[in-house]
Each structure stands twice: as C-alpha cells, then as structure tokens.
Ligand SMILES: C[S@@+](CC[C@H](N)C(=O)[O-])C[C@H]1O[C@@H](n2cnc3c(N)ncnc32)[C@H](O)[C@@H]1O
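Shown below, as structure tokens, is a lone chain in the form predicted on its own; questions about how it binds or moves come after it.
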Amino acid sequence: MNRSFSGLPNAAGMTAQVPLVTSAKQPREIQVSISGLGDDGLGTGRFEERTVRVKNGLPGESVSTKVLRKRRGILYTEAFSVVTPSSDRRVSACSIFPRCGGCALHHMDYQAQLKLKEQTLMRALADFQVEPLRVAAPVFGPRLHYRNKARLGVRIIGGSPLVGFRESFSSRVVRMDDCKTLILAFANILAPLKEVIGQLSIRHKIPQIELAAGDHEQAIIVRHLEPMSNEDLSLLKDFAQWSRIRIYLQPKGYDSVWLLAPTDAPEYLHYLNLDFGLCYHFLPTDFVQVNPFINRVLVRTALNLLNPKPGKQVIDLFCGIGNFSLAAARLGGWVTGYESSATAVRRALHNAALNGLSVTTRFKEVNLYDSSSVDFADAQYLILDPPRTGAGENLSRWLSSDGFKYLQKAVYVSCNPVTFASDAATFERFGLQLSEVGIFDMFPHTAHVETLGLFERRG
C-alpha cells in the first residue's frame, strides 16, 4: 500500500476531485441592494418584501446572489457577482471564501472590519445605557494562519473524503485543501490528511476531527463511531510519523480520548507567556484561546489594567487552566480561581505547581451558574472570563455580598458584546464604572468580537 503521504491514493486507488454537492433544484438567483451589515457580518437587504441576508456583500453594494436557505421568512444568500462594489471591498486571500462558513469578512478591508466590531460593542453598551470613560484602540495581530485550535467536519462523498469547516448556511462540509485561518502546521497537512482518512476501512464512521496546537507541538483527535482495524491504526501511525503530529483517537466522549502515536510523546501540549515567565500545560481536549498572539497581549493588558498589589487578594472567575490567574500570582497577588470544569481545575493546579505558584494560588470547582458560593473575603481585584452566556444571574448576588465592599477593580474578558454589556450594567449598579473598554481581534475575518473592559470603584 502506498503511504508516501505526498499524494496518497484514495480507496479506489486514485486521487479524486469531488465537485460541490448541491440539491437537484438549483438555488434561485436574485439581485439585492445591501443597506446595512449585521453584527454577524452578513449584509442586509430586501427582495419582494422579504428580508435577505447576504454573505460576501457590503453596505451600498448591488449584488447578484444565490439563495442557499430559507428560514422563518428570511432568505440567506451568497453573493457571486458584485454590480456596484463598495470602497471597503477587498479581494479575499482565501480561495474557498465565501463558500466556507469558517469566515465571514474576507471580502472587507481590515480596518473596516475593526470598525465594525467596535461599533457592535458600542451599540450593545448603548442598549444597556452603559457609557465607558475611555475606548482603547483596537488590538490586532496576524490576520492569516493564526488559529491553533479548531473542529472540522468529515464527510465521504463517492468514496472520497471531505475534511473542513461547514459551508455557509449548511451542515455540509466544504471541500478544503488549504486554509488561511489555521496555523501553517495544520493548513499544510489538510490534503494528505484527507487522503489517509479516505483509506480507512471505517471512513464513513468518522464524523469530525479536532486540531490543537501548543507553541511547538500539534495534535489531531479523530472521532470514530466504530472500532478501527489494525490496518487503520497502522495507517494513522504512519501519518503521525510522517507529519510529526500526535494522533489521538476518540471512540466516545472526551474521557475516552487516548494517544495512538507517537507513544513516547510527552503527556501535554504547552504554551509560554514570556511576559510573566510562565509555562502552561494542556491536553488537546482542554479549552485554551485559539489565537496565541492575541492571548498573550490580552493577558498582558488585563494585568496592566488590574495592577494587583503584592500580597492582595485576587478572585478569578471562570479561571480555566489558569491563563490569567497565574499571571496575577506572578505579580505577587494571592489568587483564588473558580471554575465549573473539574478537568480545568486539575490542570490549573498542575500549572500552578509547574510554575512554582502553588503557595499563592487556590483553585476551586464551583458551578458558577447554579451556585453563589464564591467567597470574595477581602478581595480587592476581580478577573472574569466567562463563556458567551456571560457571568449570569449570580453576578448580582456576588456583587451584593459583604466581601464585595473591598473590591476596587475588575477586568472582564468577553466573547459576546451583548452579555458583556448586560453584565457591565450590573457592575455599574453596584458602584463600579466601566472606565476603559476595547476590542481584541481574536478571530480576524470573522464577526467574532473579543472585549476587554476595566471596571473601577467610583470615587
């Protein structure tokens, strides 16, 4: 069997090029004048009294589009021809945009993208009557090949595999031989990875793969619904050796993930934060920020704003594996991290020991959405980095506790402008004003908005 990985044959013995699969009824084509751009990066227009959402369209443009989906009276479309282009339109660096659903704004000038995201944040704050004292300039980094963690779908069409993000407005897997978003270590092996998956005996029973990378190592998790044959395992081991990427298998949930090859690989991936002299260990299944450059700047900025004094108490809610906690401890703070995930708490404790910070840090497993058992004690500093749902209803209970009266500063990292704005209004009701806010472009060319806010006690 050919295992050169420079152009692996598929199961039929030849490399196949698979056309995009469409329904028997071709999508209807319509022309739309775009009046605005939504927070999701889609253009908005009207056609025959119906709302139309347009991918690959910008305000002021007239575009020809294909209707790809109809839902609740709204037409979801993709522009394939621009009649009158916007001055903000740019040629996409990605050959599969706009078909791929991984990015929404590849056609838009980058400075215009940053402006859109800042406007999204400011509009959300205005909706909750929150007015920051200062708005920081947007923070950005590499615009291509920045993403070191992703989940890709797998689908077999006519015996040939597709591995990639989902198509726009569809659950279908896009035909993807390259990616301008994934780090080069992953982008460069997509084509050979597809080919080796195509040779597996259970290729129809592999719904997805996950990618995760540290600073110097990469891993692939293969989800499979049926046991693999010895030949399948041998193929994947050969691929691991050729690519120098760790291969993990996942027969069930995350607790079933195990390392297939190489068997002598270290247990953990890792990333460094040289600003604070820190090393973080994590497993491919752990949550870490997907953009390592922006994460380092985010941690640095957050701790500069918080500026915890040595020996003072710091609370870190939704602390994860210690991304912010350990940096605060390195500056001399006594840190208590709260996290809902038992796995993340174990990793945070491990990382504290790894960095010699076990004495000044504590980590506790608490369901932060069902429990109010967070002890502020005499903490003067607070860090929050919640999921998209925000801090939740417990925020008011936490801020009304007796220990809260000592709190002077809070830094809040958010991936959802609406829940950030809602929680900002709660902070202000309890006497902490939003003194500075700004966006960090964690996901260039997407509509995702990452926000950092500093709240300070009035007076």
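Position 1 is the first residue in the sequence shown; the rest follow in order. Keep in mind the model is a prediction, meaning the values are calculated, not measured.
The same protein also exists as the form predicted together with this ligand; that form is not shown, yet it is the one meant from here on.
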Proximity to this ligand in the model of the complex, single hit among C179, I197, C319, L211 (heavy atom within 4.5 Å): C319
Candidate from D88, D232, E118, D385 lying within 4.5 Å of this ligand in the model of the complex - any heavy atom: D385
Heavy atom of F239 within 4.5 Å of this ligand in the model of the complex: no
Heavy atom of F324 within 4.5 Å of this ligand in the model of the complex: yes
Proximity of A261 to this ligand in the model of the complex, heavy atoms at 4.5 Å: no
4.5 Å heavy atom contact, L305 and this ligand in the model of the complex: no
Partner-facing stretch of 360-368, 223-231, 168-176, 328-336, counted where any non-hydrogen atom is within 4.5 angstroms of this ligand in the model of the complex: 360-368
Partner contacts for 286-317, taking this ligand in the model of the complex and a 4.5 Å heavy atom cut-off: F287, Q289
